[in-house]
Every structure is written in structure tokens, then in C-alpha cells.
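Next up is one chain by itself, shown in C-alpha cells, the form predicted on its own.
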């Protein structure tokens, strides 16, 4: 995110520091700060290898046996700094006399870590600066440590609100840009949210605020194995408000993979919105046979596991299709013991006969703009150009799903995005070309409020506490 200035009336700032040449220093950061070290190394992996923070950090915590308060601190700092990167970078650049492209990459990782602590945590300023500088000095030497120290001290001169007031676009002339900056989103994503919400004012502000917050962990109880009440009692969580199989855990409750019900395959980690979209497909009324279901884009397998458990209760089976072999293996693992057959194939080019299935789920590849709070670095990786490629794929998958479902059967189209091109645009186009009927999907989300005018359903973090999942259920003409 680039910085913005709103006029020449601001007082001029003193000469800003610039990075000196790197000096030789110790090769290992201090071991007495395992939380910040883990956070720093995760941010580095994200920058250097395009790694995913939510995959790298848990492994680091396990390998180094970092638990308790240290693990919670590492998680907060890592995900928070990755999520707020655009805002942090704008502030850091305002406090240096060089563009970020000329700042040492490892120093930039540390600056983001330190700036996040200064602007978005209650950690005292002196502790945030000193701990960050210690890490840099131990790894990069005193010269770069001095640069980091000087920049962070300038960052600490103002709180986040003051920096936003100084650097964000003017709210009167560019309200979307202002909100995007304040809540650490690229402007094009905030624009997409505004178009989906039909608002660029308070609803957009609430949506971006919720998307900028750390989400709770959601679990799904495996039907036929354990109830939501039992799972909540075992885990200490709360029964979900809308999904009959959902349980919510507090944010920062630890690695859910360590929970016994998850290890024993009685439960999986799955956002409640994903659960509701999978359940919507199963709730659509159907005449005739109802024992052969298809998940056309099954990886990594969360929805496939829920669907397979449900169809298995009535003696049916689920066919799961996944193009990537490693993701197909994930589907096999998560659905172990369930009536599932996994096929490695492109969902657009299967060898299934036309009309072979009663219900088909298309959980299509998408931009993932609806799950940015769970994938902290994703908002800074996605580009507007990604949308066109994905919508073409989405239309092709939905069209093929309507061919594979029998006449009178139903197809659920699901994407984790509110972008209108990926949601209403795809469904409207395919329904027009195929003659499929778009059902009033709101009726398949019983008890869920604020579902709009329909017939599609768009969930939102600020309204439903879920990822921003989109769901439409279509029926093939009979």
C-alpha cells in the first residue's frame, strides 16, 4: 500500500533515517525471546518463499515446543503483522527516507513486527522497540539495528489513528480508499466489498473491521459420531448459533489439531459458513433417488467429509473429485472411514455419465476474498487480474455440474468470496445459458438472519461471524 498525503499544511518531519551498510554480527537471534523469533522467521518465510503463515507458524511452534503465552504472543504478532502489512508499510515508509524496495528484506520483516506491536497491541513502546532491535542486532549487526531503532522510534511518535489521519486518502473525496487504508485492505478489495454490500459507508466499515480482526476457531462435529453439544463439552467451546454441527472456540485457544476429537476424527476444523453452505445443498427438496452425491472440487476435504457423513447415514455414497494429487490425498485422509471414493481429475473433464448424480457440490476455486481474516497475507497477494481467470473456470465447473446432476437434481455453487463477478455474475450467466432454476437459497439457511433479498445467500463476518461465503443452489430442469 502506498502512502498518501492530504495537503502541505502538515509540519515537516526531521531528516529520516536510511539503512546503513550491513555489519557483521552474531548469526543467531537471542534465544530468550522465542515468541518474537518465531514470528520474525514466519514473516521472513512469507516474504521470501510466498509461504503461508498459518502453515509455517504452527510447525515452528511444535518443533520448538513453544506453548502457552509465548505461543499466543507469536500467533498474535505473526498473523497481525501479516494482516496489517499494507498499513504498516505505509507508516514505515513515512518514517524512512528511502522506499521500502531499498530496505533490507530482513530488516523490513523486523520493522513490520515492531510497528505492529507499536500500533496495534498494548505492548509498551519501549519493550516493542527494544525487543525488535535486539533481534535485528543479533542477526544483522549493530548498523542495521540502529536503522531499525531510529525508524521504530519515529513510528512510536504517533498512534495508529494519527498515522491513518496523516497518510490515508481523504474520507470526503475517497471514502472507500480511506476505509481500505484504515482497516489494512487493498483498495480494490474494499471496492469489491462495497459493491457486494451496496454501500460504501457504515456497512462497509463494519465489514472491513470484522475482516481485519482475528477470527475464532470453528469446529464441525462429524454427524453420527458426536453431537455439537458433546463436542462443545469436550473442547470447552460454545455450540455454534446456526450450524447444528458447529462449535466455536475462542481465538488464541491453541492449535485445534491437538484437540482429541480432531485427532480421533470425531471433528474437523471448518468455518461455520462452510458448514452452512454444504448443509444447504443437502436441504434442497428432491424427488426420487437421493443416494449418490458428488463433490466436484473436493480438496482439501472439509465439505466432502461433512457431506459423506450425512449421505452415509442413509446408506448413500459420495464421489469426490480433486485435480491436484496432493490435495486428493488430503481428501482421502480427512474422509477416512466414510463412504467416499476419491478421483484425481479435473472437474471439467471427468468420465462420469451425464445425469449420474442426485446432488452435486461445486466448491469452486476462487479469490478467497471471503477468508482473508484466516489467511492473513492473502489480501496482499491477490490481484484484480486474478478474477477474470477464476470466473472463467467457475462458469465451466458449474456448467459441468449441471450436466452431471440428473434432471430434477440440485447443484450447490459455493465460493469463499463476495466479489460480484465470482458470485452473482457466474450464477446468473450459467443459469441463463443452461435453463437451470436458481432456488431461493435463503430457505436452506434456517435461522440465519440478514440474508438479503435473495435468491442467493452471501454470508459476512460482521453479520454472521462466518467467512464471507456465497451460496446458490440450482435445479436442473426436469
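Since we're looking at a predicted model, the values are computed, not measured. Residue numbers count along the first chain shown, from 1.
As for the form predicted together with a small molecule, it is not shown, yet the points below apply to it.
- Residue-level contacts in the model of the complex: of 316, 215, 169, 300, one residue has a heavy atom within 4.5 Å of the small molecule, and it is 300.
- For the options 233, 345, 162, 100, the one in contact with the small molecule in the model of the complex, meaning a heavy atom within 4.5 Å, is 345.
- Using a 4.5 angstroms heavy atom cutoff to the small molecule in the model of the complex, all of 296, 327 and 397 count as contacting.
- Of the candidate stretches 117 to 125, 83 to 91, 141 to 149, 346 to 354, only 346 to 354 contains residues with a heavy atom within 4.5 Å of the small molecule in the model of the complex.
- Looking at residue 369, you'd find every heavy atom of it more than 4.5 angstroms from the small molecule in the model of the complex.
- By the criterion of a heavy atom within 4.5 Å, residue 363 is counted among the residues contacting the small molecule in the model of the complex.
- With a 4.5 Å cutoff on heavy atoms, residue 393 counts as touching the small molecule in the model of the complex.
- At the 4.5 Å threshold, heavy atoms of residue 323 reach the small molecule in the model of the complex.
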